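Only one chain is shown below, in structure tokens, and it's the form predicted on its own.
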């Protein structure tokens, strides 16, 4: 998310915040969770908050990537009418708001509820800045999952892949059988996630970190990364014409119904499997990173814009506490498809796919998501690069290499 143009009027924003905007215990919560599974998950937050004495007012703004919702929230802050809480990804997206002094600190709630002890350290670091906690993390997502239809693979006479070579053999068989081989969304952010799947799974976590953590342009020019770019280019041959205009939940639906063989998407896709009445790991297969499995740590957080009204402040504290309560964490994440941010909760009720993810986290096989390693402008450039590459087959693997090298070298 590119924030600079939204923050041009910040000089007057703090003065506007002096006007009370919330009643006691009421919380207007802005988010972008509007698919079937997302709505079911966020309802767990609403129920828990209301049961704790609050009154949740939903302010959902549709759009799977969240860019529209974030723009609405930022504009409301600037206009002096902020929501009680607003969603961001676990990333640097909200750091500029911190720098401008527009967010409440959550130090008191975090200390009282022992967040530093129970939250995954990568996540805790991402919501902290300058020695203060500024966001309530609610889940741990991994974006590098490969979902498949056992029924479609059986019809094509193949089995679930164990390697990238296996995947292309399966894709060829599905294509021959008249089944959509690879159902993907037309949104650039989803295509960037597909790139991350290939980079980590085929190139490995070390290569990923060299590029996005160390800013090593030589790593992008390496034979290892060329292989990644070649795989990404070849993958375009198995996309169907319906990709453009398709949303992420529509893409996974094609796999759920057996109309497509595979879909690269984050673990929130599992929520759509559950809402459809199917069993993750049985009716829809899941691979937590084809090849070199690693948990790509991402997720969602809520930040709390500064308020002057005492009732609004009280509602913010209650909401931050409720979002991370153990019971709420389990209820929400079981429906969202993600893992709880707390390490001290009971995960025995999670499905087979969720347990695979938790096992990777527990083994230490994880890397921070790219949004934690680059600023929002760079993240936007990565989306643009991947989106253009997927939509324009005249772009070669060498073009992708050059484009990524240009982005990384400019940081």
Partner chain sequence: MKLRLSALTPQIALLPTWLIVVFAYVGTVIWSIRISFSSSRMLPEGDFVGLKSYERLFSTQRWVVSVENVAIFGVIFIVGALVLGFFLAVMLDQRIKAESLFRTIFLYPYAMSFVVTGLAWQWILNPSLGLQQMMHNFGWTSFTFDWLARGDRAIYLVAFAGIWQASGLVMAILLAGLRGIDEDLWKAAKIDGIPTWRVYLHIVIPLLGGMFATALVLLAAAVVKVYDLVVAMTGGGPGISTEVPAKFVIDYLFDRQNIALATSASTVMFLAVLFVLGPILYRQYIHNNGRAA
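All figures in this text were calculated on a predicted structure; none of them were measured in a lab. Numbering follows the first chain given and starts at 1.
Omitted here: the form predicted in complex with the partner chain. The next part is about that form.
S.K.: Which residue among 381, 37, 356, 370 has a heavy atom within 4.5 angstroms of the partner chain in the predicted bound form?
M.R.: Result of the distance check: 381.
S.K.: With the partner chain left out of view, choose which of 152, 97, 109, 322 has a non-hydrogen atom within 4.5 angstroms of it in the predicted bound form.
M.R.: After the contact test, the surviving option is 97.
S.K.: Report whether the minimum heavy atom distance between residue 376 and the partner chain in the predicted bound form is within 4.5 Å.
M.R.: Contact with the partner chain, yes.
S.K.: Taking heavy atoms only, is residue 245 within 4.5 angstroms of the partner chain in the predicted bound form?
M.R.: Within the cut-off, so yes.
S.K.: Is there any non-hydrogen atom of residue 70 lying within 4.5 Å of the partner chain in the predicted bound form?
M.R.: So residue 70 counts as contacting the partner chain.
S.K.: Using the partner position in the predicted bound form, report whether residue 256 sits within 4.5 Å of the partner chain, counting heavy atoms only.
M.R.: Taking the distances in the predicted bound form, the answer for residue 256 is no, it never comes within 4.5 Å of the partner chain.
S.K.: Looking at 97 to 105, 276 to 284, 122 to 130, 323 to 331, which lies within 4.5 angstroms of the partner chain in the predicted bound form, counting heavy atoms?
M.R.: Contact criterion met by 97 to 105 only.
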